[in-house]
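One chain comes next, on its own, written out as C-alpha cells in the form predicted on its own.
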C-alpha cells in the first residue's frame, strides 16, 4: 500500500522468549500467565514515550489464547498494562502466526485514517501450557482443519516437511541440507547476541556439524525435517508504538529514534486449497514484491530482512521469493554465507523464529521491533552495519502455510 501520510514505529520492547533452551524454563514449575507478558511488554514501551497519556488506541495480536490459555477478550488486557489506558479504544486481531503483523496493520490504518495519532501495539502468545503433541493440534488451526485427519500428528512440521521433500526431489538432497545447516547456524549465532532470544545460551561450537549429524527420520518425527529445522514453542510478547509525525512530537521522540514505514502489503491465499507449488512461497512472493514496488525500491536497496522462518525450508524459499536466488539455488545462496550477519543481505539478525523463538501472535511485532533496533542503532551486540546506500529494511510475517502474509518496508528515520 502506498501511504497517504508518514507513519513511524518507535519504542520497541521484547520480553524473553521463554521455552526450552532458556535456563529460566522448567516445564514442571508454574510460569507467568499471558497477562504478565502483556503488561511487561506494554509497560516497557510506555516508559520510552512518556507514559500511557500519550496513547490514543491499543491493538493486540494473538493467535490461540482461547485454547492455550482459556482466555478470550484480549483487548481488556490493554488497560491492565496501565490504568491511564482505561476507557481508550482497544481491539484484537488474529491471523494465525501472522497475527502480530496484522496488529501492526490495524494500528497503521488507524493512523492513516486519522482516528488515532499514537497506537500501542502488542503481540503475545503463551504456548507452553500443553504438551507439544497437543500444541500441534491447536496450532493446526492455522490451516484448514478439515485436512487435520489426513495430516501428520505434528501437523505444520508435516506440511513443511512435504515442502522440503519436494525441494529435495527437484533440486537435490545434499545441497539443500547444506543450506538448511547454514540457516540453523546463522539462527543460533545471531540468537547468542540477543539476550531475550530463546537460544541465547546455546554454546554448541560446530552448529553445522550438529545439524548434519542428524538425518530426518519419519519414524520419530517427520519425513524430511529434523528438530533443528523447526522454530521453538515459545512464550513471549513484543510491543511498540505506531505514530504519526505529530504523535512523535507529542511523545517527545526524535525522528532519529524512530523508523518510517514506507509501504506494506497484506496478501491472502485460500486456506482450503493446497499451495500451488510446494517449492515456492507464492503468497510471500506476491506480498514482498507488492511492498517493494509501492516503496519504489529494489532488493538491492535493502540493508536487512526479518523473514518468517518457522522452518528452515521457509527461510530458503523466502530467499528465492525475494529474488536473491533463482528457484533451486536458494540453499546454495544461504550455504555460501550470503544471509549471515556479515553477508550480502543479513537476515534474522536476532535469530529469527528458529533462534529467537516463535510466540506465534507476537512474532510479527518482534520482527518490527528488531527492525526498529537495527535501523536506529539500538540492537546492542546484535547490531549490524547498515550501509549508507541501503537504508531500508523489510519484514515478512506469515500465517499458516503461506496463507496470510504481511510484508513491510521500513526506512531509517
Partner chain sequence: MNYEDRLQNVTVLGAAGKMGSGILLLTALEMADLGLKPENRSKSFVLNAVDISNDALKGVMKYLRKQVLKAAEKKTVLLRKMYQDREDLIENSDIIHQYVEDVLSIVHPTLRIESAYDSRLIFEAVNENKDLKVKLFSQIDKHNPEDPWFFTNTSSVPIGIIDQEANLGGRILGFHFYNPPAVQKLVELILSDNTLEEVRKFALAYAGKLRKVVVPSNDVAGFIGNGHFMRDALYGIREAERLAKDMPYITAIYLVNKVTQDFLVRPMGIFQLIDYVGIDVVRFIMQVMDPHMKDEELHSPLLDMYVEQGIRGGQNPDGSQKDGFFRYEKGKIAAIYGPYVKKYIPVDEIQETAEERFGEIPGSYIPWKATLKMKDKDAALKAFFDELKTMDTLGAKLAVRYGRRSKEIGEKLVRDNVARSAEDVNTVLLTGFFHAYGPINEYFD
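Fair warning: this is a prediction, and the values are worked out from it, not measured in the lab. Residue numbers count along the first chain shown, from 1.
Keep in mind that the form predicted in complex with the partner chain is missing from the display, and what follows is about it.
- Just one listed stretch, out of 253 to 261, 163 to 171, 214 to 222, 268 to 276, contacts the partner chain in the predicted complex at the 4.5 Å heavy atom level, and that stretch is 214 to 222.
- In the predicted complex, no heavy atom of residue 326 sits within 4.5 Å of the partner chain.
- The closest non-hydrogen atom of residue 67 lies within 4.5 Å of the partner chain in the predicted complex.
- Shown alone here, residue 136 lies within 4.5 Å of the partner chain in the predicted complex, counting heavy atoms only.
- Proximity of residue 154 to the partner chain in the predicted complex: non-hydrogen atoms within 4.5 Å are present.
- Just one of 150, 205, 73, 86 comes within 4.5 Å of the partner chain in the predicted complex, counting any heavy atom, and that one is 150.
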